[in-house]
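We begin with a single chain expressed as structure tokens, specifically the form predicted on its own.
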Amino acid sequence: MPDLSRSEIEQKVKRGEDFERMDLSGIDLSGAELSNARFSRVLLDGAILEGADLSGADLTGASLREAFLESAKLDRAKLCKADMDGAKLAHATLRETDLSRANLEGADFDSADLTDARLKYAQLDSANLNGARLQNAVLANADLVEADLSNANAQKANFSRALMRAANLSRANCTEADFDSSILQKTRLSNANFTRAVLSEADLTEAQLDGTDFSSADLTRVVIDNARFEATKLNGARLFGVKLEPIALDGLEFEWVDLSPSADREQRVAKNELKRAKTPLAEAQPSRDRYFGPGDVLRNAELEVNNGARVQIDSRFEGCTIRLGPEATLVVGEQGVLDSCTINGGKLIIKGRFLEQQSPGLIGPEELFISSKGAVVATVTQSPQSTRFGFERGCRLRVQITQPKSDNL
């Protein structure tokens, strides 16, 4: 460790001097004023930084293994790729801090404030986040195996594709959080709040869901094998494609659930109706419905959709022709892209993108609704009965509307 006093370090920081790659292991800088310090790749293993002000500091690639940072201020600091194995950060503030790809294995964030923090691809296995504030934090693709997030406030946080096997989220507030495609096997979610959360395609195998509130949550195609249910709330939840044995219904509390692919409440099913079905919930879906999921690409195909059927597309279609029977509905989900395609008839709900190459791309739709996130570049030839249109504010349009011609229908 360089022979630098505390005051000398503070003065160097104040002058904007660079400490890159300096060895400050074990130094005592508790309560020090170090805001905007240039500490990239600095060795601070075992350093005492309790209550220090490191707001806006650049600690990219720094080593803070076993460092003591309780109650430190790290708002807007850069800690991407930092090594903080076993660091003590209880009650620290890390608002808007960049911890992407940081090693935080076994780190203690008890009651820390990580609001709006970025932790993409961070290693947080066995980390303690009990009571932490994680509102709007981004933990996509993070490793949270056996991490403790009990009592955490993760409202609107992003855990998409995170690895959370055997983690503890008991009593956590995950309202409107995103757990899309995350791995939650053997995870404890007892008494947690997942109201309006997104868990589509998440794996909840053997999860503990006692008292968990999934009201109005998106549980589309969730894997829920051998999960434990007792007083689990599901009212208004989206359950398209979920295999839930009828015996599990006794542990669930709900008046109705939504079985439609697009969660538009057109397939509201009451609990007593599911019980009478005597088959797994996923098998009770109407066979005429079809779903094309993210990652699929379909080219130059022709699809016929039967009368009254429903199709949702969250994949990419190129050069395809889709013919919809009367009362049939086609939903282009937010991830769906129809490029150089033609659609004949039916009811259309476009939340993604429809981009025609040859005009007209939309022929004789009964209804055409475009959501606030939808984008349409097309000529629309109305149906003989006149097409009913609906456009939400914010949608992107370049549309020409023409009258029907007999040779188009």
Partner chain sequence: MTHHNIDSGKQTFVEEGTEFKGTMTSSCPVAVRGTLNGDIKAPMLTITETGTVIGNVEAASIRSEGVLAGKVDAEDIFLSGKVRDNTVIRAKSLEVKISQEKSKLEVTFGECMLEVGEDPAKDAKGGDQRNAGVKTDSSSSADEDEDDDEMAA
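Just so it is clear, the structure is predicted and the values come from calculations on it, not from any experiment. For the two forms, the rigid core is made up of the largest set of C-alpha atoms that agree within 1.5 Å on superposition. Positions refer to the first chain, counted from 1.
One more form of this protein should be noted, the form predicted together with the partner chain, which is absent from this view; the next part is about it.
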{"property": "Heavy atom of each of 70, 88 and 269 within 4.5 Å of the partner chain in the predicted complex", "result": "no"}
{"property": "Listed residue (158, 312, 220, 168) with a non-hydrogen atom within 4.5 angstroms of the partner chain in the predicted complex", "result": "158"}
{"property": "Single option in 356, 50, 53, 58 placed near the partner chain in the predicted complex, where near means a heavy atom within 4.5 Å", "result": "356"}
{"property": "Any non-hydrogen atom of residue 43 within 4.5 angstroms of the partner chain in the predicted complex", "result": "yes"}
{"property": "Any non-hydrogen atom of residue 15 within 4.5 angstroms of the partner chain in the predicted complex", "result": "no"}
{"property": "Non-hydrogen atom contact residue 27 with the partner chain in the predicted complex at 4.5 angstroms", "result": "no"}
{"property": "Exercise: residue 342 in contact with the partner chain in the predicted complex, heavy atom 4.5 Å", "result": "no"}
{"property": "Candidate stretches 71 to 79, 134 to 142, 233 to 241, 168 to 176, one within 4.5 Å of the partner chain in the predicted complex by heavy atom", "result": "134 to 142"}
{"property": "Any residue of 116 to 130 that, in the predicted complex, places a heavy atom within 4.5 Å of the partner chain", "result": "120, 121, 123"}
{"property": "Threshold 2 Å Cα movement between this form and the one not shown for residue 166, core superposed", "result": "no"}
{"property": "Did residue 28 shift 2 Å or more between this form and the one not shown, C-alpha, core superposed", "result": "no"}
{"property": "Cα displacement of residue 68 between this form and the one not shown reaching 2 Å, rigid core superposed", "result": "no"}
{"property": "In the predicted complex, whether the C-alpha atoms of residue 373 and residue 161 sit closer or farther than here (change of 3 Å or more)", "result": "closer"}
{"property": "Closer or farther in the predicted complex, the Cα atoms of residue 197 and residue 354, when the shift from this form is 3 Å or more", "result": "farther"}
